[in-house]
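In what follows, one protein chain appears twice in different forms, each by itself as structure tokens: structure 1 and structure 2.
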Structure 1
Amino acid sequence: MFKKLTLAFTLFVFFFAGMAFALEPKSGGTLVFGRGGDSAGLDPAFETDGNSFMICDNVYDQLILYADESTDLIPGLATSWDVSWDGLTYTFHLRKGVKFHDGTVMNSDAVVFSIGRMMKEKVVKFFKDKWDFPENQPAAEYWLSMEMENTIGSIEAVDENTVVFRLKRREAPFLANIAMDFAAIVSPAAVLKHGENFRSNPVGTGPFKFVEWIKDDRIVLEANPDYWGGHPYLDKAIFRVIPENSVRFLELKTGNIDICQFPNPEDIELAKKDSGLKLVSQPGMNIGYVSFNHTKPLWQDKRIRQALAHAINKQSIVDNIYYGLGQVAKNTIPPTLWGYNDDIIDHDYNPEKAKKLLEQADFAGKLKEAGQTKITLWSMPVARPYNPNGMKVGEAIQADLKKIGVDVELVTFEWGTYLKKQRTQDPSMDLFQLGWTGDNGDPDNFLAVLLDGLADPNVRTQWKNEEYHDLIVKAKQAVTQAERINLYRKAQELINQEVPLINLAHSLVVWPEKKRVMNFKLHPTASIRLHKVWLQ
């Protein structure tokens, strides 16, 4: 008996020791990442596309970073920060002893330079190094579209390691914005040395250093051994451009790349069966929706909007058009975001209920009044991250609405024209499909941008609701997160009751990778971070 127990104990110890051994991260090796397109440039302030940011994610750091798998904020180049009682002054305390890849010191002046160079009106104060700002820079699009010009009043370096941002207005999402790629801290010496060529010679403080860029072919990065967050496990990371999805997957199967971005849905099935591959997935931080032309009287009665929400079979759309790579959306913000209201009960698929609601609201009469016999549904001509096929989704909705007696005409335009005409709320438009991919993981970035038509004429839905507007404004100005969560939950309830749009789906990102790749995680913001990735 004792012998048996000893044996069992020994096996037990070996088993767990073995497991611990197997999971111990190993250093060394080159990871090859296969992607669909090349970067446009590598200066974070001026880039707008994911392929550029995924390189920047590894070469630069921001003052504040997103946590590994969520949009929670954690210290980056700033170890801590204080917010004044009125929410207008943010003081960042910088990490000491951090150097850029070119050997220069990362200090408060580098922060003032990095952010200040995007300002149109440069209200900045350096502490020691009086860097000149480069002239004739292109427009910093993210800076403008995130309203930073209207948010930040001044930036001041008060000592070597302290920077103070003074805001023009209270803006709760400010910290989340500062964690975005465009706000990365760059080496001022390198920017001034390379001039406009800095976009192809990036120098930051990140876990990887830039080595080489062969356009449309590859970008090579190597480990930064002095990284403040610890030496990366990988020696090298190579980002290869392989435009064709099926070829990229073949490259993964033959073992020439380690991770395959955006595979064809049918290849995911093949990857499941391949013993050398595994899948990594993450719900996308996005929403695909159908909305109404709120400028037309036809869509003022909320019963009609509710009817349409009951008539669309979302599950069938996700199953057949997203090929299961999505999840039905009941809220406008995705479930990965803080503030998500899980108590919401979605409008179930119920054509009978929909018909009754239409009758109650005298939809037929109202349609006649508007001089219409059918309604139009504008559908995107292109695949978007939140919707793999706008036209097919349009056809599915057309068939669903036919079942409740509503005739739908599908309308589409070339993508640029579509976006332009949609914004004018053309009277010939009744319903339109569109969507949104989040920038900073803050609910404001969905709920204000998409639905607060009273705040901004550029809001695509142009839904104008006083109660909603109040909630959003209060949430923007609230200081504590608990307070904000409460307000956003209420905003989602209001959306559910009023149906200013019909939330269709959040897409699901699923990428195949080789089994030897360990600890690679997809991030909700779609950033690609290789610092803690290792190869078995």
Structure 2
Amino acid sequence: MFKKLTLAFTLFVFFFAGMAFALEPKSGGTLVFGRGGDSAGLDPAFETDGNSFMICDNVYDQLILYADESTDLIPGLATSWDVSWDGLTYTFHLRKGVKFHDGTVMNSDAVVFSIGRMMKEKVVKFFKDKWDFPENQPAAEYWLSMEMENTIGSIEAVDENTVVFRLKRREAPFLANIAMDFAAIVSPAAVLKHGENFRSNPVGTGPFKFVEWIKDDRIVLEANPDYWGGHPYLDKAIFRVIPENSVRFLELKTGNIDICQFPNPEDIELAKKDSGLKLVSQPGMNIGYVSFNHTKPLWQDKRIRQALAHAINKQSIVDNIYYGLGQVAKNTIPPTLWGYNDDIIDHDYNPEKAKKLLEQADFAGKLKEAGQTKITLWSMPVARPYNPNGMKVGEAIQADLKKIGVDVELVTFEWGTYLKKQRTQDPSMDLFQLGWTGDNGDPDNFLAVLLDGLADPNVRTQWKNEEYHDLIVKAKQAVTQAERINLYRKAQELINQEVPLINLAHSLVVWPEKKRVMNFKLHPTASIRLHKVWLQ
């Protein structure tokens, strides 16, 4: 009897203690988010960088959204959708009563306008509002790199709240793709009013409204009280630009910001010891890599690419530059993603083997033919989720390649210039560092977007391999996930054999924040979502 009473008392105590610690969210306050760089623009159709999308995440919605901490698909501006038996027709049923921040109505015509403006050949049909599409728009890079131009045949608004997408071909990742930032629904009236300046005057249906943008300093958002998903807890959110990681962390410690994006890995230990701070973490759905300029003859022999893969000490990079906040990558997709091929055996760190491969491939002769005595390695000037310090990683690779007799010159540019010049495959570039954080939880979002150069000229590696392209196309059109997994496993085997890039690391994303910040969660896609965040 005594034991039973003790147990009952214990449960009683734990129950009420739990109630005491389950804090009720409260409204009010301003959250200041510290980040490393400014947004390039705020029109989701034409942006490509994380600093732009993190604002768009809060200003816009898509037809379909990702769940809070996963890439599971949930209703957004569409409450439901139907897929035809042949997988070629998708019918979306829209949420009724939703308005854009400018007071205009979100309806089927707004969806046709938002997606249709990215189409080169605009095969669209409006229901009521015959919106004109803006002229002389920039290239919609995401739309193109996701092969949406080859996927969507037509878009039709069949009534006020129903939109039908007819596809040119089966596309297994279509729903996951349509949940991405570039497919956000925008106010047609605002786009036509502001023209190209819509990029700095965004109007969506999201939980926050745009207020102000002071370039290279801050972007200010305020709560949308009429948000269809419920009033945000925060009154206001400010995204401050603080380029230096260490300065940004100091601003957190002194209380000037609430969340510090991309701290230096060594600052994580300091944050753990600070009683006013706490940490949030998430296994990164990402890959940091080094790739080759595949447009140059110097890099056509796969033995040379394999040699460099054997020469780079990836474990040392993860230990000393990632400070252990990551794992060595043997595949281009992270192990948390379905389709990951764990049977792949990575290229081991073996400088002697690397030297033999270079000799067999006559690398010295090929370098001379190219008129070069050394190679260049472009290294990122900014920290990214997949690489905490591009210059330090570059220095480590430079030292590793020196050991096999390859002289490396490190090159860097301002971040925007770096991305722009890299995309053109600048002839002065031999190797380049980049990475990727998955947008939608589908392997296609890594394996096609990063490596299928035959699919689109916007693919950054511009590796062109017929066998690989065939595997990726088949995987897009496969009926079952089991079939797709089999094809993606083969694609990863081919990457391992051909080494179109050298997979370096998958990072663990860890950010410090003030203890008063509640319910801020890191998302696998690196989205920044403030709708349900509150301040204690």
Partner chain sequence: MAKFIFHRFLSLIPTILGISILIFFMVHLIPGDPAEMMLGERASEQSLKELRKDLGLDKPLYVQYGLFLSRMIKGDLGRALKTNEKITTEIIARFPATLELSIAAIIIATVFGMLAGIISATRQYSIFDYVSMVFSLIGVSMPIFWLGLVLMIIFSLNLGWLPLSGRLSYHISVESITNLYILDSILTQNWEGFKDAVWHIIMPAFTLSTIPMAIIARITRSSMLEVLRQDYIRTAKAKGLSPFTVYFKHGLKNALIPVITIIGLQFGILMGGAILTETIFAWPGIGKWILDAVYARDFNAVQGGTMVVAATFVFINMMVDILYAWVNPRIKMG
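Each residue is numbered by where it sits in the sequence of structure 1, with counting from 1. We call the rigid core whatever largest set of C-alpha positions still superposes within 1.5 Å between the two forms. Computed from a prediction, not measured in an experiment: that's the story for all the values here.
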Shown alone, the chain in the form predicted on its own appears as structure 2
Hinge between rigid units, forms compared between structures 1 and 2, options 507, 106, 311, 471, answer 507
Interdomain rotation between structures 1 and 2 (smaller rigid part versus larger, whole °) | 31
How much does the C-alpha of residue 289 move between structures 1 and 2, in Å, when the core is lined up?
-> 6.2
